[in-house]
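Below sits a lone chain in structure tokens, taken as the form predicted alone.
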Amino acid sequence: MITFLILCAVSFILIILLTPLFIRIGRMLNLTGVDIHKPHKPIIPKTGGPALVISVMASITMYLIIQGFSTEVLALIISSLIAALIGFLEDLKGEVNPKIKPLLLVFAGIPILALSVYNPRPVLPFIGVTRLTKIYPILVLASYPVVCNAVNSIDVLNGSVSFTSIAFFTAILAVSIINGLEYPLMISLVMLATLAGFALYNRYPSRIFAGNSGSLFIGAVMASTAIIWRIEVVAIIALLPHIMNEMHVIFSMRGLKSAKQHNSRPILVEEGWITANPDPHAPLTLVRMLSAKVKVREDILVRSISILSLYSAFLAVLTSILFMR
């Protein structure tokens, strides 16, 4: 427990110190984005990803030094860094073709297969242990594009990626404590401490964005934790708002397309108030549904999405307790 507390402190202190540094770096290198939901359209650095990566990886590496080497944790580190690198290249060079990006994210799943840290016998509610020997490796590779893009797609408002990810890792923390899972417990604590510190800068009004590197990194940590330690169902339920948002976007846009390729935006912004776009051809997103027929402030929308994520996290823990024993 003392070790865990030290790791949390290290993660929190690092992210608090590094984030202002990367705010300055983002402005110097012009790695910025427009905060389109504000009346004055401020320019915000999108360099939060490197700060998140360094803070999390420093604490996880410290844990390995203290406790000893772990192939499972090594696989999580490599997978997460691959996803973060893909996101960082996108932040540097601009948006990657939305049809190519999922293919690139498949590479994040290769370390899991190469180091053989998965079990093709997932535990399902009511059914128990199943055997998916042939199809499971394919599902492993597919999970990274799905989860990483789902996290990336929900990162559209100030603080949305921070608070929804906190909800997810709270569920992982609870399940880890209940089932005595050491490594997921450590990872969830480190992620919670890091995200809590980052949220101080990312919340409304945001001073820094996580960027693609940050959201893809978080998504890869989620996917790796679920696969390696056999808590896939818990992760899927906890990620329901993310997955629902991503699926609505894909179906309403009729495939994998960039939002820039679409003529209508899902929402309209007037003097800082957000409302759903009445155009029936506009992409359908979680934010658009929550702002239907009403004008809402950005911070209220983030609160609503966070509550949905916390509810899904609660359902995930309840499912683990009642139906997966």
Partner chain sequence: MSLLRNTLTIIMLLTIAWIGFIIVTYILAHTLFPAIEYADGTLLIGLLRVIVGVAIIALWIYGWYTLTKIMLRKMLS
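All values reported here derive from a predicted model rather than from experimental measurement. Numbering follows the first chain given and starts at 1.
Only in words, not in the display: the form predicted in complex with its partner chain, which the text now covers.
*Asks:* Only one of Leu240, Leu92, Ile177, Val106 gets a heavy atom within 4.5 Å of its partner chain in the predicted complex. Which one?
*Replies:* The residue from Leu240, Leu92, Ile177, Val106 that makes the contact is Leu240.
*Asks:* Ok, Ile267, Ile44, Leu290, Met57: which has a heavy atom sitting within 4.5 Å of its partner chain in the predicted complex?
*Replies:* Only one listed residue qualifies here, and that residue is Leu290.
*Asks:* Could you confirm whether Ile127 comes within 4.5 Å of its partner chain in the predicted complex, counting heavy atoms only?
*Replies:* Contact check for Ile127: yes, within 4.5 Å of its partner chain in the predicted complex.
*Asks:* Look up in the predicted complex whether Val117 has a non-hydrogen atom within 4.5 angstroms of its partner chain, and give yes or no.
*Replies:* Output for Val117 is no: heavy atoms all beyond 4.5 Å of its partner chain.
*Asks:* Counting only non-hydrogen atoms and a 4.5 angstroms cut-off, does Leu64 reach its partner chain in the predicted complex?
*Replies:* Because no heavy atom of Leu64 falls inside 4.5 Å of its partner chain in the predicted complex, the answer is no.
*Asks:* Would Val294 count as touching its partner chain in the predicted complex under a 4.5 Å heavy atom rule?
*Replies:* Result yes; Val294 sits at the interface with its partner chain in the predicted complex.
*Asks:* In the predicted complex, which of the stretches 76 to 84, 182 to 190, 240 to 248, 93 to 101 has residues with heavy atoms within 4.5 Å of its partner chain?
*Replies:* Single hit among the candidates: 240 to 248.
*Asks:* Taking His40, Leu157 and Ser215 together, does each of them reach its partner chain in the predicted complex with some heavy atom inside 4.5 Å?
*Replies:* Not a single residue of the candidate spot has a heavy atom within 4.5 Å of its partner chain in the predicted complex.
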